[in-house]
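Before any questions on how it binds or moves, here is one chain, the form predicted on its own, in structure tokens.
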Amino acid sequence: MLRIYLFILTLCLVTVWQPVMASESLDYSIARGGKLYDKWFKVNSYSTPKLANPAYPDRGAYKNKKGADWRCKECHGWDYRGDGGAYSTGKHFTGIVGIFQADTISEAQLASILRGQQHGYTTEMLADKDLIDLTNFIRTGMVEMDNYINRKTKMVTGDVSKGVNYYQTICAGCHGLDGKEEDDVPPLGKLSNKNPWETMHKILNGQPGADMPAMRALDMQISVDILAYLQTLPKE
């Protein structure tokens, strides 16, 4: 009888104390998808593609250059508007359209487009899990940058007085109070003024291959205020 009791007690303890695996939230998936959009081969430790991306036009300045032509942002832009946004002119111009209309098609259709002949993303490049995260970002995670960044002046409509507190308590531990702490990162004051769209994308989603937190789950205005403050930091 005692043996039976101990056996039942052991089963109960195993059941009660069995660790619970945390499930991924949608924001986690979207933020990871944002990093894949930025540089997928850095996120999933895939070697830098050696062959030119068949979807990238020959007229583009980054054709077959260190995998740049495989980065989603290189065709569709940091503001996701392609030739209708910040990449409508300049060295990053490709003539390829933006992707805001992607929210009108299903996940399966979008995955089929990415796996198709034009884009050519194989399962070795983007695993099925990668594809889920990337499609989640494209369908529901893109931000209308024009609501926060003046496309002509590049100035951000944020509150600098609030941004300084957010930045110094969340970001300065790695980037330094002046935004120049990390040797492999340009001064944040320079980057945020030169390309505020890229900076906003990284604030929201994080930096591929780095331990940078994603701000996506917080109120959008916090990210906007941080970006506004970054534009006041030293550029050199």
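Note that this is a predicted model, so its numbers are computed, not measured. Numbers follow the displayed sequence, beginning with 1.
We do not show the form predicted together with a small molecule, though everything after this point is about it.
Residues 182, 191 and 210 are all found to lie within 4.5 Å of the small molecule in the predicted complex, as judged by heavy atom distances. Look at 82 to 90, 143 to 151, 156 to 164, 99 to 107: in the predicted complex, residues with non-hydrogen atoms within 4.5 angstroms of the small molecule sit in 99 to 107. Contact annotation: residue 174 falls within 4.5 Å of the small molecule in the predicted complex, judged by heavy atom distances. Contact check for residue 132: no non-hydrogen atom falls within 4.5 Å of the small molecule in the predicted complex. Within this chain, residue 31 is remote from the site of the small molecule in the predicted complex, having no heavy atom within 4.5 Å. Although the partner is absent from this view, residue 224 stays clear of the small molecule in the predicted complex, with no non-hydrogen atom inside 4.5 angstroms.
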